[in-house]
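In structure tokens, one chain follows: the form predicted on its own.
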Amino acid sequence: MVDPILINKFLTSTLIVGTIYLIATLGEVVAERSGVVNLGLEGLMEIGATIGIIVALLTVNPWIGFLAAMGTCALVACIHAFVTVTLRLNQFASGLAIYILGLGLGVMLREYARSVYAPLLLKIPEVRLYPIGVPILKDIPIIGALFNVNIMVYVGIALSIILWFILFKTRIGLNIRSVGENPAAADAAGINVFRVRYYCVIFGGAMAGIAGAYLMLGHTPQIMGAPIVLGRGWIAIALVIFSFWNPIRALFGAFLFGGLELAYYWLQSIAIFRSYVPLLIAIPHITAIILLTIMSIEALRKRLGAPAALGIPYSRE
């Protein structure tokens, strides 16, 4: 029989890892609801991870690291917004350029920081976000995992609920969805399509920055000259489709994929599953490829409920 404490540890880790996916996915949900796809999520998360850990170590304050990562990635997202909204160029090409830029910058800056600020690596334990366990409650089977996580898990869950409410229960959300469905009609109704898309893309970039910083500060605190996001940004984009562009569904999808990622490591200790374990690590990536392929097929995309104007530049002419 499986030890309940081990179940709690697995679920706790699932919530922590799933929050990385969740925060990035929520930002992309908002951006895509306005009609703009950002395939540069992986690159933005690399930048966020880099800036987040470096600034946190320099200031010995993880929250300043989060703010720096959020602001930096918001600025980079401005480039994507300018290219796709103002210049009306191809959203997919712009996103891929952001991905390449972010990946290169992230690896380069981390390698530089590792060589120049090597003594700062000793401060990593001081800036890491540790789970805050509630005595007794954390040992309750299954639900005990909710009482042994770091604060960002609660922030991610709260953001899911808040963004769902904003998107589907407020005028702001109605404006965002209108711009994503029919920008011409939204423009005729007095909604500034360009401003809404700018704000949503920048918000998505800021959230990617937070997700990247959280990867470093809440899950894998380190500085190394190699990619650190490892496909999680692409999976987050696929999760947008998996969740049908709904923040609440994104909550469950993110934790599901977080569990799949961790299952690869946990099941290695069980002999009967050992030969099948390598397949587990491939499942999230294979799923991401399938979902991204679906997004490229217009008929299937519409059937899934994607915003009608997703990926289509808007012009008043």
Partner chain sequence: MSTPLNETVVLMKDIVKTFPGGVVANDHITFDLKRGEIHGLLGENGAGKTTLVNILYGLYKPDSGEIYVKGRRVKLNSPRDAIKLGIGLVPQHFKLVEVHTVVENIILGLKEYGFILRIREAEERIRELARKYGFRIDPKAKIWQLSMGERQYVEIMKALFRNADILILDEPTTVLTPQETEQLFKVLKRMKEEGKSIIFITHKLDEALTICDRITVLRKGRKIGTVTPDKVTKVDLARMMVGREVLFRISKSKMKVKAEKPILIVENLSVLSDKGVLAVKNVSFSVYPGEILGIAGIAGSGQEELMEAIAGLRKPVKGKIIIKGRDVTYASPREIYELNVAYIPEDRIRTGSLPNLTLWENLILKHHRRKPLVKHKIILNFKEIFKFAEKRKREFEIVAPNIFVPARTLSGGNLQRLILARELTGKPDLILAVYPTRGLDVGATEYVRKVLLRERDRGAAIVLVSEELDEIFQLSDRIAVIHNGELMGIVPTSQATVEEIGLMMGGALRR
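Positions refer to the first chain, counted from 1. Bear in mind the structure is a predicted one, so any value in this text is a computation, not a measurement.
Quick note: we don't show the form predicted in complex with its partner chain, though the next part is all about it.
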> Pick from 72, 91, 243, 178: which residue has any heavy atom within 4.5 angstroms of its partner chain in the predicted bound form?
Replying inline: 178
>> Can you work out which of 145, 152, 186, 127 has a heavy atom no more than 4.5 Å from its partner chain in the predicted bound form?
In response: 186
> in the predicted bound form, which of the stretches 167-175, 196-204, 211-219, 96-104 has residues with heavy atoms within 4.5 Å of its partner chain?
Replying inline: 167-175
>> Can you tell me if residue 191 lies within 4.5 angstroms of its partner chain in the predicted bound form, counting non-hydrogen atoms only?
In response: yes
